[in-house]
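Coming up is one lone chain in structure tokens, specifically the form predicted alone.
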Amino acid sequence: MTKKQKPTVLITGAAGALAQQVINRLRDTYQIVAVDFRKQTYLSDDIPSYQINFNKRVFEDLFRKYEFDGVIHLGRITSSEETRMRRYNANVLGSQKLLELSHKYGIKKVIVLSTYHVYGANAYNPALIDETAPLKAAELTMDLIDSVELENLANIYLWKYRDLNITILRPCNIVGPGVQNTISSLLSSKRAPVLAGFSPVMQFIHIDDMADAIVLSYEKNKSGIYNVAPEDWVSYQQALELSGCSKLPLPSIPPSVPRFLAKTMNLKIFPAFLLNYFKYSVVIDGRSFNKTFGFKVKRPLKEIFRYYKEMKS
């Protein structure tokens, strides 16, 4: 086998806009191998790309073939994409297989993308939630159990196998061009639902800034758990106004009513399992990440909302 010219990095979730932004930032310095559970994505002739189930034996063949130096795991499947069982198999069992193979083949750096949703949304959340706060999302909804279990799994490997140098990132709402998550769909729509009597404070990070944060955390190689969020925030209803959305008020009590209306009106962009996040503020403290990695966002909120407003014109 010939000596590798560049370090080789495995990036999961390659079909997603965030992974593609990360790949674009790393491709000149690293040999990239892209994989995705959902579909195969052509990136360029010099980047091998695979649609692969992490739980299948062929996944291990990639570790043998490419001798990865690092892994950036961005392939967490959201609740809107798959059934609960398929999501669990991919997010939890698939991630466990990925971490086992990383340990087996001597990987020296692993990034795991999580989400601020793991903290849960309730009326008793502190004003700023730091990384030591308990992960309460699994108590509130079954649809976020796999997100919490993925985090717990990464935590186990973080402390058990220090040689993997695992960094777990918990970003706030990632938005911007190409992002297809719940909040981006809401900001993109001409009419967005709001719960009467509620307008929680929210944080938003531009996809470009999040890609920068991932690259920075990979290259600086400091293990641990970090929130990733800017130091400013805005209420949900104000975010809609700034994005040029008109509001569609839904009654908020009893809790079954907004769930029923969202389903009846086919509001797929307002999933029932996230309703509490549109009632209660979940504001995370990103200062530890900013200080440790020297990170500062470059795209302010006004730029984020201007993008969504201009989409509608």
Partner chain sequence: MNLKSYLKEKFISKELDAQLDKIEKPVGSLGYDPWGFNAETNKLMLSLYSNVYNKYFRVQTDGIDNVPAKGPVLIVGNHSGQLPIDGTLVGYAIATRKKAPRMPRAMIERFFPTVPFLGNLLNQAGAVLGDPVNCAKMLENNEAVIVFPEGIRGSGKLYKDRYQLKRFGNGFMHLAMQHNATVVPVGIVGCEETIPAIANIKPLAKMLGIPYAPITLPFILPAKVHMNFGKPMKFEGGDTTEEEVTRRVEQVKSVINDLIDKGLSERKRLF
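Bear in mind the structure is a predicted one, so any value in this text is a computation, not a measurement. Residue numbers count along the first chain shown, from 1.
Keep in mind the form predicted together with the partner chain is missing from the figure; the text below concerns it.
*Asks:* If contact means any heavy atom within 4.5 Å, which of 22 to 30, 36 to 44, 54 to 62, 277 to 285 contacts the partner chain in the model of the complex?
*Replies:* Result for this chain: 277 to 285.
*Asks:* Sort through Ser199, Ser188, Gln96, Asn181 and report the residue having a heavy atom within 4.5 Å of the partner chain in the model of the complex.
*Replies:* Of Ser199, Ser188, Gln96, Asn181, the residue with a heavy atom within 4.5 Å of the partner chain in the model of the complex is Ser199.
*Asks:* Here the chain is shown alone; which of Asp232, Glu100, Glu219, Asp163 has a heavy atom within 4.5 Å of the partner chain in the model of the complex?
*Replies:* The option sitting close enough to the partner is Asp232.
*Asks:* Is it true that Leu128, Leu242 and Phe305, all three, sit within 4.5 Å of the partner chain in the model of the complex, judged by heavy atoms?
*Replies:* All of them do, each having a heavy atom within 4.5 Å of the partner.
*Asks:* Would you please decide whether Ser252 lies within 4.5 angstroms of the partner chain in the model of the complex, comparing each non-hydrogen atom pair?
*Replies:* The answer is yes: Ser252 has a heavy atom within 4.5 Å of the partner chain.
*Asks:* Is Ala17 a contact residue for the partner chain in the model of the complex, using a 4.5 Å heavy atom cut-off?
*Replies:* Although the partner chain is absent here, Ala17 would stay clear of it in the model of the complex, with no heavy atoms inside 4.5 Å.
*Asks:* Is Gln238 a contact residue for the partner chain in the model of the complex, using a 4.5 Å heavy atom cut-off?
*Replies:* Judged by the heavy-atom cut-off of 4.5 Å, Gln238 is in contact with the partner chain in the model of the complex.
*Asks:* Given a 4.5 Å distance limit between heavy atoms, list every residue of 52 to 74 close to the partner chain in the model of the complex, or none if there are none.
*Replies:* The stretch 52 to 74, when checked against the partner chain in the model of the complex, contributes no residue at the 4.5 Å heavy-atom cut-off.
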